[in-house]
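Just the one chain here, laid out as structure tokens, in the form predicted alone.
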């Protein structure tokens, strides 16, 4: 093998790689916040909502969890414009990520909610707390404590899966890498750098989530 490594072209494009990295992080963070809002609502609907709403949420979960993320992305970007609903690549990517995360996180949060002892809920109701107060103060935080590692893993998986959005020309890190490859033909060097960037992001966010868990969710479990 007589291959000569040349990283100069890749390093010269660091502003583009930095911009792509930022868009990847931005997409992932915004999708996580919005996806968790969707998931909390859907988890509440599955555990405490009216029967028609529970049925609709179940259909949504089964539809998303049993179809590929790439197909979901194509649906928002290519299929919906056929009925007049047009999206920018960024908006289509963000929407697909929110919808995907919402379905997966719903089941995680639901499992956390159902792990809360019924005695705690009954005690909250006995103290004249309203149902939404019981859900927010007694159920949600202990549930998040139990499921935080699973939610953290789901976020990192979402961030890594965001590389797929490059197929609709969203300007994420993978899209920038593909453009650089077509200009420089240094595929090996480019994807070594991109791999290291994704690995660094995953490790940084993993450490951040562990810190959040220790600071915000680590409290004595008194029973």
Partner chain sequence: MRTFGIQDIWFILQAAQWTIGLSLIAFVGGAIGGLVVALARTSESLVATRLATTFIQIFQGTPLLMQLFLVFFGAPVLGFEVSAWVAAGIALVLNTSAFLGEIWRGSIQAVPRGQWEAAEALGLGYGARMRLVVLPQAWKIALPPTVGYMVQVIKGTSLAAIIGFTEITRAGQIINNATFQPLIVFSVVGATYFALCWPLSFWAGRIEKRSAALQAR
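Here the structure is a predicted model, which is why all the values come from computation and not from measurement. Numbering follows the first chain given and starts at 1.
What comes next is about the form predicted together with the partner chain, which is not displayed.
> Quick one: from 212, 11, 203, 18, grab the residue that has a heavy atom within 4.5 Å of the partner chain in the predicted bound form.
Flagged contact: 203.
> Of the residues 37, 56, 63, 29, which one places a heavy atom within 4.5 Å of the partner chain in the predicted bound form?
Of 37, 56, 63, 29, the residue with a heavy atom within 4.5 Å of the partner chain in the predicted bound form is 63.
> For this chain shown on its own, do 5, 78 and 164 all sit within 4.5 Å of the partner chain in the predicted bound form, going by heavy atoms?
Contact check passed for all of 5, 78 and 164.
> Give a yes or no for residue 41: in the predicted bound form, does one of its heavy atoms lie within 4.5 Å of a heavy atom belonging to the partner chain?
Output for residue 41 is no: heavy atoms all beyond 4.5 Å of the partner chain.
> Determine whether any heavy atom of residue 82 comes within 4.5 Å of a heavy atom of the partner chain in the predicted bound form, and answer yes or no.
Yes.
> Is residue 90 near the partner chain? Define near as a heavy atom within 4.5 Å, in the predicted bound form.
Answer no; every heavy atom of residue 90 is more than 4.5 Å from the partner chain in the predicted bound form.
> How about residue 208 - does it come within 4.5 Å of the partner chain in the predicted bound form, if we only consider non-hydrogen atoms?
Looking in the predicted bound form, residue contacts with the partner chain do not include residue 208, since no heavy atom lies within 4.5 Å.
> For the heavy atom contacts within 4.5 Å of the partner chain in the predicted bound form, list the residues of 161 to 197 involved, in sequence order.
Contacting residues: 163, 164, 166, 167, 174, 181, 187, 188, 191, 192, 194, 195.
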